[in-house]
Ligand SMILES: NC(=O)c1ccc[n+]([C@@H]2O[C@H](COP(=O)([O-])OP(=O)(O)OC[C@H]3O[C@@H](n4cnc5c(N)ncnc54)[C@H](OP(=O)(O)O)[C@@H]3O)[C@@H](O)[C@H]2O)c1
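Encoded as structure tokens, the following chain is the form predicted alone, with no partner shown.
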Amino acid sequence: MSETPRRTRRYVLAERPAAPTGPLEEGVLRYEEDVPVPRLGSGQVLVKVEWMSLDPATRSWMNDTPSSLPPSPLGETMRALGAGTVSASEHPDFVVGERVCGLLGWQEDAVVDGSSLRRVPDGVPLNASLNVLGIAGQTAWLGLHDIGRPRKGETVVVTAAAGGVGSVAVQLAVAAGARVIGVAGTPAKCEWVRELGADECVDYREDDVSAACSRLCPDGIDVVFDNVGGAMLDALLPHMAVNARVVLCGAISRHDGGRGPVPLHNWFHLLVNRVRMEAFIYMDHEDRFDEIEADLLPRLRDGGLRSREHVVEGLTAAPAALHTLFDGTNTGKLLVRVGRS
């Protein structure tokens, strides 16, 4: 039986950020190095956290306003999805040594209710449970399967196409037989999107997105899978085809530099082209995670789903790494290899 640590390390949400978007001020997160590990109660599991996911929602959870989940409580471990190995268990369905994932938080050892955990499939790396088989893959699958519904020959545009969610959305749209155009922020990211099967990728830092759509989508866009919002989404709306679908997945632009929301000036095109625009939150669909995994797992195992990860080492690297989600410097799904030194 694995030895249960008596002390652990973690980050606590010490205070709310001064602004709902933008960089974090000193003091929002407090690092604690000598934290007692609680004794397990009935139904609880102790997990040694080995990987942690940093997602755009993380920044929203710090604010005192509901987002995809209620605000992360002050004075408690900062919320995050994580994956690791069971160190001790008082839950009948989990034994020491099993690999699991769930909301484990910014910490090296997590005591959680066993009912909130999912097993990581055999042969799948732990980090994949936070990427292609986790929040990135589940989100992309839900948005395309339920809302976008791309059909063979249709044109799909994916924004933030080189990111964790966007890159999976590109591949699923390609697999559906669609013509896929990505939007990303560097030549290297655009090249990666093309490698995933996209017909073309627009570097929004170098090219005018609206002009590029006029050139690349002369018959209009049938599906937009949008991870950005703001001016990026606004530039796409005049190019929507009749009966097109817009999947509202994320709003990275809202966090960029703390500028906050940008209004949509081109909304009228939604009306004249009878466009369906719908948002969703993947956590609302926990009852379907087995269904999604059953579809994604074979694709992952046979090489039909590829991914890139931006890995930072150690729990203390997490606060600085969080900013790379919004400044464009991360190079894939952002993960922290938590470890225990």
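Quick note: we count residues from 1 along the sequence shown, nothing fancier. What you are looking at is a predicted structure, and each value in this text was computed from that prediction instead of being measured.
Keep in mind the form predicted in complex with this ligand is missing from the figure; the text below concerns it.
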{"property": "Contacting member of C217, M232, L264, V174, with respect to this ligand in the model of the complex [4.5 Å, heavy atom]", "result": "M232"}
{"property": "Residue among G328, G22, P17, P319 with a heavy atom within 4.5 Å of this ligand in the model of the complex", "result": "G328"}
{"property": "Residues M52, V100 and N127 all lining this ligand in the model of the complex, heavy atom within 4.5 Å", "result": "no"}
{"property": "G250, heavy atom within 4.5 angstroms of this ligand in the model of the complex", "result": "yes"}
{"property": "4.5 angstroms heavy atom contact with this ligand in the model of the complex for G82", "result": "no"}
{"property": "is_contact(A184, this ligand) in the model of the complex, heavy atom dist at most 4.5 Å", "result": "yes"}
{"property": "Non-hydrogen atom contact V223 with this ligand in the model of the complex at 4.5 angstroms", "result": "no"}
{"property": "Stretch in contact, per heavy atom within 4.5 angstroms of this ligand in the model of the complex, of 295-303, 268-276, 33-41, 281-289", "result": "281-289"}
{"property": "Residues in 134-155 close to this ligand in the model of the complex, defined by a heavy atom within 4.5 Å, in order", "result": "I135, T139"}
